[in-house]
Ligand SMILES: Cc1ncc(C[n+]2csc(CCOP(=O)(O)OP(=O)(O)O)c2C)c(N)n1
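Form predicted alone, single chain, as structure tokens, below.
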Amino acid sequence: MNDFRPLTLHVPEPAVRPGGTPDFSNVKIPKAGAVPRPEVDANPEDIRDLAFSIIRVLNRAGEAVGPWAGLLSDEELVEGMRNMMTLRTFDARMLIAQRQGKTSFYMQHLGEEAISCAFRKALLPGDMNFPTYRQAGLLIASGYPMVDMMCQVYSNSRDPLKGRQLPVMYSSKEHGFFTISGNLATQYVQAVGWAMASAIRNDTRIAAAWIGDGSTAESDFHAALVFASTYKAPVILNIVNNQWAISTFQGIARGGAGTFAARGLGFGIPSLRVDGNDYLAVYAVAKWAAERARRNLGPTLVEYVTYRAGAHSTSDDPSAYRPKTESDAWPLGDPIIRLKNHLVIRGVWSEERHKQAEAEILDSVIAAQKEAESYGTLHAGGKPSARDMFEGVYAEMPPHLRRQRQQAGV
């Protein structure tokens, strides 16, 4: 006999459930400008605290303050504003299109626009992103044609991927956007491998890996950190912590480290947390991490603290697992409103100009949508040719595929 009590299993629970009052008291938010900016070549051991704080530039009054501020001109900030507004409008139109049966599936970026739009501006031509399905802002901020994005969503006759991918799983080598995979975390190891290959070739291009908070529970995430740390790969390891996986809150995947960024510390990787709804802070941290990679100083892990305001996808009903008003209570606000307030303070924006920009962007998105739909939608109009199934896989088509294509009459 012994005096030990029966063991019990600990299962993390979210602070509130549907019907409760939203509670973000666990999100410790430092004052804007309070977190120091270390030298790019700082020793990871000397900046461990950055994995437990949140780097912020914009304060509550809309002012840019602190050591991470002052990196973007007025023109660059206005461009960032328009990119975020374009992504949000694009989202809204494609969500409606899905509800109308014009496409089978869609995933919004609502509330997360600053992350991908600002990050893209910190990269150079030739750098490669290995994104998840919520970084379309990387394409919009790089000037990728919106019509092509929509044609991919519709899987029509002008679909650049010829119907081979699910909607929203874009691909563009020219724009540094590696083909999205529906399998979770696979691209984290691929990004590290691509970065290692760039270093082996003595190239100058760097890679950026992307993952959601829930997917960090996958083994590929940890394998990527081992290789990135061991070989000092020129890669930025991005974690988008938007508080929720498809129905599970972040506490399930986070583990006991307290933050997702803290996971990098055990691998000797410099790890930072940044306000993902602060365009200026995202850009500043991305620029810092990119410079570190280009100077051959190895990887950086960045956790973007944000909130998924919309559903996980058009197949999801978030009201089943979180309070309906939770997004309104998110303490870091809306990225577009925050940047708008900053631009107004700087005297380069106004409420009138904002409304005008909204109208102009809506017109351009609707025009692109009409053009894309002229090439077909899911259930109407042109579709990719069945012949495309047989193309683009082998340099020389093997006999058995040639016979199948002939039997199909394509």
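The model shown is predicted, which means the values in this text are computed figures rather than measured ones. Counting begins at 1, following the sequence as shown.
The next section is about a form of this same protein that is not shown, the form predicted together with the named molecule.
- Message: Only one of 129 to 137, 188 to 196, 287 to 295, 153 to 161 has heavy atoms within 4.5 Å of the named molecule in the predicted bound form; I'd like to know which.
- Response: Among the listed stretches, the partner-contacting one is 129 to 137.
- Message: Between 148, 316, 218, 91, only one gets a heavy atom within 4.5 angstroms of the named molecule in the predicted bound form; which residue is that?
- Response: By the 4.5 Å heavy-atom cutoff, the listed residue in contact is 218.
- Find the only residue in 78, 265, 245, 309 having a heavy atom within 4.5 Å of the named molecule in the predicted bound form. If I apply the 4.5 Å criterion carefully, the residue I get is 245.
- Query: Counting only non-hydrogen atoms and a 4.5 angstroms cut-off, does residue 97 reach the named molecule in the predicted bound form?
  - Reply: Because no heavy atom of residue 97 falls inside 4.5 Å of the named molecule in the predicted bound form, the answer is no.
- Item | 4.5 Å heavy atom contact, residue 182 and the named molecule in the predicted bound form | Although the named molecule is absent here, residue 182 would touch it in the predicted bound form, with heavy atoms inside 4.5 Å.
- Message: Is residue 214 part of the interface with the named molecule in the predicted bound form - any heavy atom within 4.5 Å?
- Response: Looking in the predicted bound form, residue contacts with the named molecule include residue 214, since a heavy atom lies within 4.5 Å.
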